[in-house]
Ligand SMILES: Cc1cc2nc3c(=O)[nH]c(=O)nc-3n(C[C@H](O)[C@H](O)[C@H](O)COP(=O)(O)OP(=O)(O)OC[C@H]3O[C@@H](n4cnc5c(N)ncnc54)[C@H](O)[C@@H]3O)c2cc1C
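Presented below, as structure tokens, is a lone chain in the form predicted alone.
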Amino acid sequence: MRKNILSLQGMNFPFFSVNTLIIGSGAASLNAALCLHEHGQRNIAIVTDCWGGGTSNNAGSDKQTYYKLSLAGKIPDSARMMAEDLFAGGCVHGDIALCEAQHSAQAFFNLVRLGVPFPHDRYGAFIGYKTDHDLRGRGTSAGPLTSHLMFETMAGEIRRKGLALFDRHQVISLLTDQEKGEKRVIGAVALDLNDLEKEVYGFVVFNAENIILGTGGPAAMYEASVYPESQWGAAGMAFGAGAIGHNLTESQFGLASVKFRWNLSGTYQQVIPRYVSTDDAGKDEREFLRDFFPDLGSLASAVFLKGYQWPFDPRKVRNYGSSLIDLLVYRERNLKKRRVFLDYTKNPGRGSDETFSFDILSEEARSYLENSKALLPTPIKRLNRMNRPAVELFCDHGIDLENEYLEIDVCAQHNNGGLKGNLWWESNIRHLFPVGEICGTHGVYRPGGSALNAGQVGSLRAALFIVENYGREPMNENLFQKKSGRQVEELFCKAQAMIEKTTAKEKFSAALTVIQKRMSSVAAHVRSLPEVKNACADAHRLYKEMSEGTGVKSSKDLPFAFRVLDTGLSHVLYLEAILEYLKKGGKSRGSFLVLDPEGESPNPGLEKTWRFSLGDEDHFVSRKILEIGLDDKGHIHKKWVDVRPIPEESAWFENIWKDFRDKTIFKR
């Protein structure tokens, strides 16, 4: 890594040159750094606004799943089968699905080698279990904190190898150039959060041959969110540089706690807690689910299934399915303005004519609890028996499930879409590689835990491609200044203008509140064309106002301002994608329900406004993927592209061996 000073308009900016700059410190980013290092590329640096502040280090569930190729047991499996299952999720490119499947075992055993404690038996078999949208028992887990353990293990390896790290550096812009008629990335600008009051407001400039972008999903975009509060996301920065997004319509929503943000899947539901709502003061307690199920047995069995079927799914709403619970929680909180809680101290059905017993459960629920030796008198006793770490996790965050209610909401949890990438995870902007959640390789449905596999595989493949094709030194300082100097100057002038406006920081805070409320009310798991259309127009106006007329009190407020601007642009693109989908006649699918007055009622107790229709697999929007981005003038462009099929693999070893030796497999 070369260190220098970049002089522009009499200002001196700290300036660093590297082959590959890795933005973000999640599991995908760290794996990219380690893979580059292990394959011989040492001129790399990691830059992050908060070391360990993202989803990898701060998210989980009752038993956080890592989805991989099945490696034990009698159920047959193969990479081809796994690719077909990923592809079957809908709107998934087949070549990407095949890559994620083919590298699955390699990525998993790399984590085992590094020390992630995935369980195996005395014979060395890594036994799996079935996760959602999975028929072959491909799920495994290291406990509630699987991704945290992945981060912790790789972070230790990063420290041992002494890789360059710029902590508390918030990247606010990507620098680009034209090369052979194509846009490519050549660097980035960050704010040094420890030096914001200096003459250059903490600006740091990076000259990079390649950038790996691992900043996670759009974490700050929703009010009801289970993303860690320390994570923001940076999709807006990529969109602003010209990166194309796809499948932005497809996010995953589910029940989560709100005091401490955590997914409430698996055993949190399988122990069958009581759902209650209260007024704002915690009074007028009601078991509100009881009004919408024919009997206590069907209600309790649906709660149990919520553990297996955690993400909201419109296909599981009718016939008293598990996702009816999500709708009822949403209705209680957002329409009736009541608070909703899980109560683990008592069984459901208190105050009703029916009494809870294991005999009223479905055979699946009763036998599961029996096999788990959890036919115990209360939900908390069952939870302690089946998953004591899940109880201790909340205790560690000041919540005692044995004595207090747990407040919940339906929250944004994961974006299945994101930035477009090819089979080496290179975006439409050459030399820019989005990895992890910001790279939207998933489609409408995805197996639980497949995001962790995708992040490891994508970062591995990006590193391999960089080593084989883009390993040269970054351009010299004079050429870099010629190509990027104006971009840096314009960005600095933008920051200067915000400071000179001296508008209160609260205006950015207010704008962020508007964005989050807008996305949770019209662009989460309940959507309608009229509301999205209005929200889209309002989003454009708000982003224009923020960009042109909002200032900050001082340079110390610049990081927050740039984060809100990034989130503002992201929410414009996401709303535009949702609007385009609905205009094309798109119906309910994935993890969202589209209100449709011509549709069917999901439940006899619900109002007519809740009618909806399920999407058709043969419909236009089911056979295409929506790509969306900005041109050089900031105009939005949209394109529906065909879903690429799974490639037919050559099985002739000598030919593959020759292509591997000749490096032709790495050609774009």
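Since this is a predicted model, take the numbers as computed values, not measurements. The numbering used is simple: start at 1 and walk along the sequence shown.
Although it is not shown, the form predicted together with this ligand is what the next lines describe.
Asker: Could you tell me which of 33-41, 50-58, 639-647, 600-608 sits within 4.5 Å of this ligand in the predicted bound form, going by non-hydrogen atoms?
Answerer: One stretch meets the cut-off, namely 50-58.
Asker: Quick one: from G449, P311, G245, G128, grab the residue that has a heavy atom within 4.5 Å of this ligand in the predicted bound form.
Answerer: Contact check passes for G449.
Asker: Between Q413, Q270, T249, T567, only one gets a heavy atom within 4.5 angstroms of this ligand in the predicted bound form; which residue is that?
Answerer: By the 4.5 Å heavy-atom cutoff, the listed residue in contact is Q413.
Asker: At the 4.5 Å heavy atom threshold, is Y227 in contact with this ligand in the predicted bound form?
Answerer: The answer is yes: Y227 has a heavy atom within 4.5 Å of this ligand.
Asker: With a cut-off of 4.5 Å between heavy atoms, is S104 one of the residues that contacts this ligand in the predicted bound form?
Answerer: Answer no; every heavy atom of S104 is more than 4.5 Å from this ligand in the predicted bound form.
Asker: Can G216 be called a contact residue for this ligand in the predicted bound form at 4.5 Å between heavy atoms?
Answerer: So G216 counts as contacting this ligand.
Asker: Using a 4.5 angstroms cut-off on non-hydrogen atoms, would H169 count as touching this ligand in the predicted bound form?
Answerer: Result yes; H169 sits at the interface with this ligand in the predicted bound form.
Asker: Listed by sequence position, which residues of 242-272 have a non-hydrogen atom within 4.5 angstroms of this ligand in the predicted bound form?
Answerer: The one in contact is N263.
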